[in-house]
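Just the one chain here, laid out as structure tokens, in the form predicted alone.
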């Protein structure tokens, strides 16, 4: 079990890890984060995640004090201290500690970096099972493209899905188009063998696994279209799958009460999943 974390410059036991009561991440969700998978010396999509972390920091005006190289040294040390061969790291940067005030105008706080290691079972080569999803009206704020910690709508959507014995909740916007999952990007394969995922239009998070799958798929002659698709198009698709840093590529075989591909996992979903791991 991983029991050493990193909090604001200090490696410490999880039981002793603490942040200040006036940390703005705690009060306002005024923080950004990333999750990166680690497998025996290999970080999956490391550069993509770290670049997005720094882009998120810039988007909400947090002046981070560490370079990408310094951050990588801390991350590697944390995995070494925890003796974890397969797991993930959660990286969070808040705006810092300050008296509670909504505005951060002229605030001279020092950003607070925290990191947690989670040891996981290596399930890369396990038999892949299809999962169920449900659709939910998208009620999130208008900037889901920034990876902040203010995830209450996502938390509620995921919890609601789990209560319905589903793996994921899929957000549908007010025009009937699919945006994304509560913690994933959503893809469909239509009857023309075209793979569709919503374009980066500010209404979804620019998933790092999404970006990598797109690149690998194009390199292997899959036809990828980045465009909006409706809930009805999704329910009528030959295959539906989700991607994320922790789920990789996961087939969806039932949405609401509709079976996708008669409830059978599609071959393309599995091929794309295998392709992802073959390239690391």
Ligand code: PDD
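Numbering follows the first chain given and starts at 1. Quick caveat, the model's predicted, so the values are computed rather than measured.
Same protein, other form: the form predicted together with the ligand, not shown, and the subject of what follows.
Although the partner is absent from this view, residue 182 contacts the ligand in the predicted bound form, with a non-hydrogen atom inside 4.5 angstroms. When contacts are judged by a 4.5 Å heavy atom cut-off, residue 207 counts as touching the ligand in the predicted bound form. Shown alone here, residue 228 lies farther than 4.5 Å from the ligand in the predicted bound form, counting heavy atoms only. A residue is said to contact a partner when one of its heavy atoms sits within 4.5 Å of a partner heavy atom; residue 214 fails this definition for the ligand in the predicted bound form, lying far away. Heavy atoms within 4.5 Å of the ligand in the predicted bound form belong, among the stretches 63-71, 250-258, 228-236, 48-56, to residues of 48-56. Put simply, of 82, 135, 154, 92 only one has a heavy atom within 4.5 Å of the ligand in the predicted bound form, and it is 154. For the options 43, 26, 222, 33, the one in contact with the ligand in the predicted bound form, meaning a heavy atom within 4.5 Å, is 33.
Of all the residues from 241-276, those having a non-hydrogen atom no more than 4.5 Å from the ligand in the predicted bound form are 243, 244, 245, 246.
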